[in-house]
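Consider the single chain below, provided in structure tokens and representing the form predicted on its own.
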Amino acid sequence: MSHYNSFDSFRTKKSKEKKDKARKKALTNTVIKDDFVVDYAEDFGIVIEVKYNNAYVLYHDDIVFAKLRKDLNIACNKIVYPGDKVVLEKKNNDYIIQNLIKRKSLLSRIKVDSTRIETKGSLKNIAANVDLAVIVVSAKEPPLHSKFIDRYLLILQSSNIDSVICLNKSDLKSEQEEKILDIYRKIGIKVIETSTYENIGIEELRDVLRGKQAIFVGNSGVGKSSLTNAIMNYNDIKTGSISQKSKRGCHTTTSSKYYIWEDDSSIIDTPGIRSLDVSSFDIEEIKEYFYEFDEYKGKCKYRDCLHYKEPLDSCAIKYAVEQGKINKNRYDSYVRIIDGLNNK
């Protein structure tokens, strides 16, 4: 007898085929000229903000306005993102982006809501060359929900970006929030507790960010901008050019914000994201991003076990949950994601 309901199996297969096509369409890179991407350049600028047809670039201690070279014949915001390193050429007092230096990472998400330019379900690239992602959550206002952390981790892990969790407003933390944080500590995710109001944990966060191009992600209201202010010792972040004395600068945008707080340390602050769409993932790959499952690989009765609707006695993951070896909340989060993919 099949370990998986035949109708569900058929539905999963058809759903996977449909999502595979949609995902390939969404993730297909725009075709650009072969000479645009280069492996290395000694002189380059860092993209701070991208508008439709142009970008603000930190270049030689100034923030300059640059356009994409015309022969590419594509909107700038389709191939250049905050954090990108670009080669500039000055022509008639205008800066032209001639080349993009090959990225080491690119963080993307699927848009849930529509704009005039981008449609619902389209791929939105957020930032490039990210060394570390800080998932900022708060103890209160808004309350801490593990499902958002799990979805952020899923997206970040699929992009091969290291992550830490930062609980802001930690002075308001209760036993309930402590239990949620312990779930992630036990699976090896570093947790930093901060309070910009009480000046708690700021130096620890600086130590983690130092020497990295980091990105702050999280819902609106969790205090990402307040943390950036605290890291930079600023009371208010405003648009401005680089100080010749400190070589530090910032550029406030309506999308991502890029801040340099030390010569080799920067923060990309993203707008608050109300929901995270993971519909571009295949059902079969979700389990690969729940690292606590790794210990039980190959121990299920069936090789293609999804750890979903299979009987308890045939699934090592379900048995580990039953025994308390895998956190039930994390497993429930896994099931909710699978349910969501099955119902799309």
Ligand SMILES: Nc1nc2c(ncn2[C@@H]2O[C@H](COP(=O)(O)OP(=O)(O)O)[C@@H](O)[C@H]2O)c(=O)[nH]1
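Because the structure is predicted, anything quoted here is derived from the model rather than measured. Residue numbers here begin at 1 and follow the sequence given.
Keep in mind that the form predicted together with this ligand is missing from the display, and what follows is about it.
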| query | finding |
| --- | --- |
| Touches this ligand in the predicted complex: S220 (any heavy atom, 4.5 Å) | yes |
| This ligand contact at I74 in the predicted complex, heavy atom, 4.5 Å | no |
| Contact label in the predicted complex: Q213 to this ligand, heavy atom within 4.5 Å | no |
| Any non-hydrogen atom of N99 within 4.5 angstroms of this ligand in the predicted complex | no |
| Listed residue (S256, T196, S159, S146) with a non-hydrogen atom within 4.5 angstroms of this ligand in the predicted complex | T196 |
| This ligand: the contacting residue among N125, S265, N129, S225 in the predicted complex [heavy atom, 4.5 Å] | S225 |
| Listed range touching this ligand, judged in the predicted complex by heavy atoms within 4.5 Å, from 196-204, 183-191, 74-82, 88-96 | 196-204 |
| Contacts with this ligand in the predicted complex, stretch 140-177 (heavy atom within 4.5 Å) | N168, K169, D171, L172 |
